[in-house]
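Let's start with one chain on its own, the form predicted on its own, as structure tokens.
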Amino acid sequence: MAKKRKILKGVSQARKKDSQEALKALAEGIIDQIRKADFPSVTMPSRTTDNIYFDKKLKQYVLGGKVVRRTARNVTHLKPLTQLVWAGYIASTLLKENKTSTLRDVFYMAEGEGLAFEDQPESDRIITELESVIKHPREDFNIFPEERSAMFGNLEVEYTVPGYEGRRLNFTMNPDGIVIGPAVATSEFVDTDADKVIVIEKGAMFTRFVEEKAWKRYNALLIYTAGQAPRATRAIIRRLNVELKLPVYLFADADPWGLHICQVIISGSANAAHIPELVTPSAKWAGVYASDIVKYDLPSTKLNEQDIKRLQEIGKDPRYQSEPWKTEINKFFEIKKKAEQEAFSRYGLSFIVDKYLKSRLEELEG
């Protein structure tokens, strides 16, 4: 059995405390402006495309130095500024009462306060702006998306949510995996003997990996992303990598969309360029590769026009200029085919865990 990892305690709670202090500072700044008879205003990083760039040293998207100012002096700024302040109040209340909310909840709560958003994207955008102002991701102030991803493996955590403080959970307790919801996302890591994390795009493959005991055979924690990984899941992946020093391996379909799913976990997205806590730059894309389609003679389909267009876009993206990305993208153009993770089932239900996973991990751990 692998050596147990040293666990860092109190990390998430410390972040919540820092988030509360940042929200308090925001409120005090606005109150101070009003007391001085000034029009209240808030300055935040610009999130326009010309202020978002890929930092090759950090290997992730980051914001540049441009800022924008929301001020009550400008009548067109009044509504979004008021909504931003209100969102800060909701976030602070959630932290004080030790409660959680979803993005959808916030959207509907605003209607009750007479601050109705046009639609949820507008509501989500205000939450994103609040993140950039206080420099904390929404998960730090207890606002989460709907849960849809899961984790399985020998990891014990301790809950911090009200009514469950001190209770512990091991992720081997449910054969379907444990949903990565707010309680899990805010929990403290207690103990694990895993020495790696395997991230899987598809639910069928996640179930297969659990059934074939890949978590035990390869001493790994298994995470199911359900397509593009939700932010709480990306945050958990990073925590496992940073706090527990576990290497991360990413498995997705052999198509341009699978490549993007993996790359977002590694280097982030333009939409969340203001949140470094969501990226895991050391994570490794482990397949399925275009070359695997040829090597294993996998059942495949032709790339359609949308696939080709997406590959062309990816080919110009600086994040995909290193290996194995560059070679595999060229291979896609060469064979003009794509395949799903499930394609390995042509060789039997156990092949992907017995042969493919074993071979790829040995190659990457080399």
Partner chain sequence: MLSVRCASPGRSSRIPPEGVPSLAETFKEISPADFFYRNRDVAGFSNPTRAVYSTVRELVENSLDACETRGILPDIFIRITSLQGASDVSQVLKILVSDNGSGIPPQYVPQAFGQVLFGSKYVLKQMRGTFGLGGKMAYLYGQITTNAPLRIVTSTGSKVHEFSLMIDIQRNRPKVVQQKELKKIKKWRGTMVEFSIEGDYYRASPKIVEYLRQTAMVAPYANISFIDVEGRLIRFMRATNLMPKSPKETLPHPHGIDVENLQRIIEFSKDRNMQQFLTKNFHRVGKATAKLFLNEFKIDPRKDPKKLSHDEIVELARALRSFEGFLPPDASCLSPLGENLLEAGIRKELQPEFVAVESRKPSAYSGHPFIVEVGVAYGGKVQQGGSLYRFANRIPLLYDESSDVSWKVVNQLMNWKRYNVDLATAPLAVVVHVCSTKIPYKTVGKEYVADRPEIEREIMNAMRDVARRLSLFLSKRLSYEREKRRFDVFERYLPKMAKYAASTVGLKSVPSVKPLLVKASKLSSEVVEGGKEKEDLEGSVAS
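This is a predicted model, so every value here is computed, not measured. Numbering follows the first chain given and starts at 1.
The next section is about a form of this same protein that is not shown, the form predicted together with its partner chain.
By the criterion of a heavy atom within 4.5 Å, Arg35 is counted among the residues contacting its partner chain in the model of the complex. Using a 4.5 Å cutoff between non-hydrogen atoms, Lys79 counts as a contact of its partner chain in the model of the complex.
For Gly166, no non-hydrogen atom is located within 4.5 Å of its partner chain in the model of the complex, even though that partner is not displayed. Within 4.5 Å of any heavy atom of its partner chain in the model of the complex lies no heavy atom of Phe333.
The stretch in contact with its partner chain in the model of the complex, judged by heavy atoms within 4.5 Å, is 71 to 79, chosen from 192 to 200, 131 to 139, 275 to 283, 71 to 79. Of the candidates Ser92, Gln228, Ser269, Asn241, Ser92 is the one whose heavy atoms come within 4.5 Å of its partner chain in the model of the complex; the others do not.
Only one of Trp257, Tyr159, Tyr218, Trp86 lies close to its partner chain in the model of the complex, with a heavy atom inside 4.5 Å, and it is Trp86. The partner is not shown here, but in the model of the complex the stretch 108 to 139 reaches within 4.5 angstroms of its partner chain through a heavy atom at Glu113, Gly114, Leu115.
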